[in-house]
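Below, in structure tokens: the form predicted alone, a single chain.
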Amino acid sequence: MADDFAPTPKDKFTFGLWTVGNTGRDPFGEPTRARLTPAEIVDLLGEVEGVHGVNFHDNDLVPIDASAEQSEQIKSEFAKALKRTKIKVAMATTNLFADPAFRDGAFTSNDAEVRAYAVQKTMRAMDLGAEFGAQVYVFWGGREGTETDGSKDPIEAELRFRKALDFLCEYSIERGYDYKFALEAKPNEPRGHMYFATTGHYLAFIQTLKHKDMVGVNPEVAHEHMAGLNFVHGVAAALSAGKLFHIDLNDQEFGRYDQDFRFGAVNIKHAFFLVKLLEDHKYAGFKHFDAHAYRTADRADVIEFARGCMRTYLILREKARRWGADDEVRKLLKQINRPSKDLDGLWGGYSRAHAETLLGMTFDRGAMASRPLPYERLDQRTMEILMGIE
């Protein structure tokens, strides 16, 4: 029997080496799963079926202290696994947060030597990503922030970050890498306060860059939910600006630490409207599941976790199609929306005549306020569709 929700590589679903390779360790407990080599992680993804790509930080693939010989061996085994499984490298990034050298930031560090090292490390990581055909390069400033604002001038910190990105854009251009850069926001953790806390912060920041056309955003469900924000609205802002270059899908309880649950595992209605938005506006980029299995999972259950992320997306895609075709939803939307080309045309483009016409009009506030807006019924019908009530 055919599975209507079986993914294919055309869906552009991807996973990181650090996601399915997560060992189950947390701040209060030791690992519950064995550490896998990058090649073994790719082979695991090959068992999942339908995965398009794999992503990595530089040190997910090659340990920071690896010798040249060790590096070549790891890359050779990784390349063979990619060939075996027909999985592609979609995105690469740099680990600028784990090593103690970055304890006070990377590009925004108060130490000029640390800043220079961070740029060098990123250039080398960009070389590594390009070696395996990565198309997107993500920047997550995991230590770019403060615990006490007395430690840094935030204007100077932003200037340092801007200079680093301008330099790295030039490096990508000069090397012919053709990367799309995607900036990933987060409000806190591991720093008490992170610079560029939300997707909106980055959308504004991008406009100050020398090569703003090649820089977009990589919003993550969990990170916006940590800030108590509506992720769908953040993604909509990125889409509207033409800046959604990559997206991290997972799930998260509001107000908690960064949980990185399986996509759709917590807030199913938020996940539904996110999928609907991406499909309605024909987002064609990679959909990366930046999540990991529960600490209780064994290898078989990690595979189920990966399958579950993709399957949930595809089920919600079908639910979005049904929602749009549902007779009651269509009737409700027709009742709610009151279009008028003439009225919208008056303020859709300024002219003195349009302004004078608007100033001379009389509006019936009582009539406008009394028109029904059956949002309760619309939301209930949405819930029924999600729960399988036809």
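Please read these numbers as outputs of a predicted model, since none were measured by experiment. Numbers for residues come from their place in the sequence shown, where the first is 1.
Although it is not shown, the form predicted together with a small molecule is what the next lines describe.
Contact check for H52, E279 and R317: none of the three has a heavy atom within 4.5 Å of the small molecule in the predicted complex. The small molecule in the predicted complex is approached by W140, whose closest heavy atom lies within 4.5 angstroms of it. Remark: D290 counts among the residues lining the small molecule in the predicted complex, judged by a heavy atom distance of 4.5 Å or less. Taking the partner from the other structure, the small molecule in the predicted complex has a heavy atom within 4.5 Å of a heavy atom of E220. Remark: S109 does not count among the residues lining the small molecule in the predicted complex, judged by a heavy atom distance of 4.5 Å or less.
With the small molecule omitted here, the record of contacts in the predicted complex names 182 to 190 of 182 to 190, 145 to 153, 129 to 137, 163 to 171, defined by a heavy atom within 4.5 Å. Listed residues F97, Y117, F261, F273 were compared with the small molecule in the predicted complex; F97 is the one with a heavy atom within 4.5 Å.
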